[in-house]
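First comes one chain, alone, set out as structure tokens in the form predicted alone.
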């Protein structure tokens, strides 16, 4: 009887500790907090390891890719001990994304057709993606989607994968960024595994490549992709591509590739209209478990017009300001939060940021714009990107342009990396605080 009481007490203590950890994560990482965090449960907690059971593998993958740092930091803050985190679902522990190169694509749990807000700006792209996922290789092949960053291209690509999985559970799918394709091709050359590389990508039922403009000025990768495209197309396998520009407008891309990109359906996504932005804000708020009125949604949509990522950033600001009380966010709080967002970067330029960062780390601006990859250059460069994203209203492309003409996916990676380090590395956190103060002055 005594042992049973002790076990019950320990289980209750672990549950309370875990609930505190989840609430702490919501404060530390508002950008990635989701309503379904409340469905997470402890699977094992002992020996310095906290294993968290998730609703499904997609949510486990999302946590592993985006939240491992914030959960680790929160667990260590709450318990006062070093704690390692594992995420699992369906009896399987999710692995690092880097260790699953040949595995099925890891999909974002938010990126479904049901969660995609359809408007005049994206109606054709949305309809064509549904058609493709219901009829691989026959309806629109290839399907080429283009538009500026942050308008929903990647969302639709994830949705195609998910719907294809539902329709054809045994279908072989490869979904990766063009940068990943190039890097894996280079690695295959270096390791002498080109035959395996070709077999992997030329025999799939569905190949999706995001940000295909990354192929520009990469002649050997262009050659490999040309043959991969032909092999799939000739065998009536589905190809879906995305880019920030139309096929004929991507610089330094050979005509034999652009002509193939145009042989199927080419569809554009434009910036969302006001009404579509209102609907997007409402949808994104529900996914995060936020209660906002129609007035607040209209306020955000009226003030933030650039793209969907900016709308998500506004919601993150509101979430961070109001905490996790669950109360409906009022118009006054929304105006204050958005006013602060707007003021923060009003007088800050990317040039200001580069000047402060280079002085702080004792590097030259030319080094940040170069192709150097040493740690002493890479870290200041990524911090510049992170601060430019946080303190200015410039797009990812504009930020990359100021730092050596880098692709917007490179800027996104830098922002994600520094944002994660900010949660787990006290040194980086203090440096960011100091740099922000100097930039503001």
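Residue numbers count along the first chain shown, from 1. For clarity, every value in this text was computed on a predicted model and none was experimentally measured.
One more form of this protein exists, namely the form predicted together with adenosine-5'-diphosphate (ADP); it is left out here, but the text below deals with it.
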* Heavy atom of residue 245 within 4.5 Å of adenosine-5'-diphosphate (ADP) in the predicted complex -> no
* **Interface membership of residue 163, adenosine-5'-diphosphate (ADP) in the predicted complex, 4.5 Å heavy atom rule** => no
* To do: Examine residue 177 and determine whether its closest non-hydrogen atom to adenosine-5'-diphosphate (ADP) in the predicted complex is within 4.5 angstroms.
  => no
* To do: Answer yes if any heavy atom of residue 150 is within 4.5 Å of a heavy atom of adenosine-5'-diphosphate (ADP) in the predicted complex; otherwise answer no.
  => yes
* Structure fact -> Note: adenosine-5'-diphosphate (ADP) not shown here; in the predicted complex, the stretch from 249 to 257, 117 to 125, 84 to 92, 133 to 141 having heavy atoms within 4.5 Å of it is 117 to 125
* Work out which of 309, 218, 184, 268 lies within 4.5 Å of adenosine-5'-diphosphate (ADP) in the predicted complex, going by heavy atoms. => 309
* Please pick, from 111, 197, 233, 361, the one residue with any non-hydrogen atom lying within 4.5 angstroms of adenosine-5'-diphosphate (ADP) in the predicted complex. => 111
* Relative to what is shown, are the Cα atoms of residue 266 and residue 395 closer or farther apart in the predicted complex, where the gap shifts by 3 Å or more? -> farther
* Asked: in the predicted complex, do the Cα atoms of residue 395 and residue 121 sit closer or farther apart than here, given a shift of 3 Å or more?
  -> farther
